[in-house]
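Shown next as structure tokens: one chain only, the form predicted on its own.
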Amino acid sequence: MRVGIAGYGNLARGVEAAVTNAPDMELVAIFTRRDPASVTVATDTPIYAWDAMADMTDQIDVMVLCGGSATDLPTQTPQVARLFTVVDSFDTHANIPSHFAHVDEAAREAGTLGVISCGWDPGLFSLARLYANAALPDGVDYTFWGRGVSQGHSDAIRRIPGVADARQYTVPVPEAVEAARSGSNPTLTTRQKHTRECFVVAEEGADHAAIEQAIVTMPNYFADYDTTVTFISQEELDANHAGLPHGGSVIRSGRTGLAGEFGDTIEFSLQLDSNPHFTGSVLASVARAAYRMRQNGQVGAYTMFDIPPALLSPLSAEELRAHLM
């Protein structure tokens, strides 16, 4: 299958690596809104201007969109779905239903297919929650993220006047995780489940106290959490916080038996050296499934809930039964 990548940042580099290493895929093109001559890619894949993709619909089977969820994907995914079968990683949970509707309308009109919100949350964590809810209908869900770098929260800090650079880590509270695992089904507030650690490089002469106050009171990002702010040098940030690790856990505890006499806990967890490279690997597997679904005549929008698991794997049905069942 022939794959294209739309956008070229950290996530796209993850997709580029995953597709290059896949035995059944060929990366044929990368598209950018920047001047292609100014962009250096990790492989020898040709890179084109964004508008050139409209002339290559017969050369690409699946386009993987690697833009951001805030402003890029809400418009890009429906637009590109009018040209190609697409996969994206849209992760604004509250807006997934409306994003799905827009992509579904575009794909059905064009006779293409789009799988949205693929990655690890939403994505693999979504599947973990679904399986856990199906197996334990009488139960409670808990999702913990981290310890890991939140790219969106880091960007929010960098937009504060006086900030030169920053990294923000989301950190699960250990006591909350253990309470969720205990089967006692505790009620946990946002503040009780996670803390946030901010490492900030301030511009010369900037007011550290004003920056810290702007961070810890920022609504929708930090105001609801216990947040620590540590000011460091650019050299220390580059040396100790250059990576993009992440991970987390989905936990569901519940009761089985006629009278609920048995306690059960399901847990699915991830620990990632590179969030964008792992997410890119998930996107590549979904691109395989999207290609197969389109080959079977399916059109419209889908999520990972709608994909038969075997379609994600390069292995045959016989190989899956022999080795993974």
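In this text the structure is predicted, and so the values were computed from the model without any measurement. Numbers follow the displayed sequence, beginning with 1.
The following text describes the form predicted in complex with another copy of the chain, which does not appear among the structures shown.
Engineer: Is there a heavy atom of residue 141 no more than 4.5 Å from a heavy atom of another copy of the chain in the predicted bound form?
Structural biologist: Yes, residue 141 is a contact residue.
Engineer: Whether residue 36 contacts another copy of the chain in the predicted bound form should be assessed with a 4.5 Å heavy atom distance threshold; does it?
Structural biologist: No, residue 36 sits far enough from another copy of the chain in the predicted bound form that none of its heavy atoms falls within 4.5 Å.
Engineer: Using heavy atoms and a 4.5 Å limit, would one call residue 225 a contact residue for another copy of the chain in the predicted bound form?
Structural biologist: No, residue 225 stays farther than 4.5 Å from another copy of the chain in the predicted bound form.
Engineer: Could you tell me if residue 122 has a non-hydrogen atom within 4.5 Å of another copy of the chain in the predicted bound form?
Structural biologist: Within the cut-off, so yes.
Engineer: Select, from the options 52-60, 28-36, 66-74, 278-286, the stretch whose residues sit within 4.5 angstroms of another copy of the chain in the predicted bound form by heavy atom distance.
Structural biologist: Going through the listed ranges, the match is 278-286.
Engineer: Taking another copy of the chain in the predicted bound form as the reference, which of 106, 188, 163, 127 has a non-hydrogen atom within 4.5 Å?
Structural biologist: Among 106, 188, 163, 127, a heavy atom within 4.5 Å of another copy of the chain in the predicted bound form occurs only for 127.
Engineer: Taking 4.5 Å between heavy atoms as the contact cutoff, choose which of 174, 219, 97, 205 touches another copy of the chain in the predicted bound form.
Structural biologist: Selected residue: 97.
Engineer: Can you name the residues of 134-165 that have a non-hydrogen atom within 4.5 angstroms of another copy of the chain in the predicted bound form?
Structural biologist: Residues within 4.5 Å: 134, 135, 136, 137, 141.
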